[in-house]
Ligand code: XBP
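Have a look below at one chain only, the form predicted alone, in structure tokens format.
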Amino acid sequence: MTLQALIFDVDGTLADTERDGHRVAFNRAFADEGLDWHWDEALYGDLLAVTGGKERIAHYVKRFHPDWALPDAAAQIARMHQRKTAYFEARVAAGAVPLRPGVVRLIREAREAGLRLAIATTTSRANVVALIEHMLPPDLRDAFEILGTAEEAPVKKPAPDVFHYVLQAMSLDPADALAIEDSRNGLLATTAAGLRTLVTVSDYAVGQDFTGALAILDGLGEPDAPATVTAAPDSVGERVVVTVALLRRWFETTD
């Protein structure tokens, strides 16, 4: 098979959104509701095992505040999540949520090489659009053919639903696409969808089990700051810049 498309996750993959983006926005939303809940960095890392913002809040309530049982609890969680999304978008607009090194370079190179590009994420469409509009250069804001988000696939990773949606929307066989993820839940989802996967490990995913990934690195790398390969068809231990040529080489090695 020939590599035809790249399917990117968002949180932790395109950008370092979690620690200084989503986490801060959640805490501000809680404060707006008059709650004394606070997610510090360590707690938030644990909560990331649950995908989806509303689901994460519900899990936190069940675990830490089981007596918090308002008649309209589901509606209040939805309202908090809506506030959180607005705060997150504001932080993105303010430049507080940086793209990971190598992201812009690889997207531009992939587009110029004729690869199709898509997004598959458990976050909301509003979060994705905010990131694209504020963080990508103007010439790349229409680079993604399909946006698969929580709206299109409400059953979250590690379920493969969002990848099934993206592949179907693109009329694409999973054997012809490469997913780029940062976490075990993401890898479980891509594997279930039949996709080969490049994992660029995010800070919160260090130490997770990435068995089955095509390649594992600490990023995509830039010429002046290459990434370290910890698993791949070749290049293990090397410092590399992830290019389309390298992706094709690894991808075709596993045909």
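Computed from a predicted structure; not experimentally measured. Start at 1 with the first residue shown and count on from there.
Not on display, but discussed next: the form predicted together with the named molecule.
In plain terms, the part of the chain that comes close to the named molecule in the predicted complex, with a heavy atom within 4.5 Å, is 124-132 out of 103-111, 171-179, 72-80, 124-132. Residue contact check for F26: one or more of its heavy atoms lie within 4.5 Å of the named molecule in the predicted complex.
Remark: F30 does not count among the residues lining the named molecule in the predicted complex, judged by a heavy atom distance of 4.5 Å or less.
Interface residue remark: Y44 is counted as part of the site for the named molecule in the predicted complex, having a heavy atom within 4.5 Å. Of the heavy atoms in T51, some are within 4.5 Å of the named molecule in the predicted complex.
Residues from 7-21 that approach the named molecule in the predicted complex with a non-hydrogen atom closer than or equal to 4.5 Å are D9, V10, D11, E18, in the order they occur in the chain.
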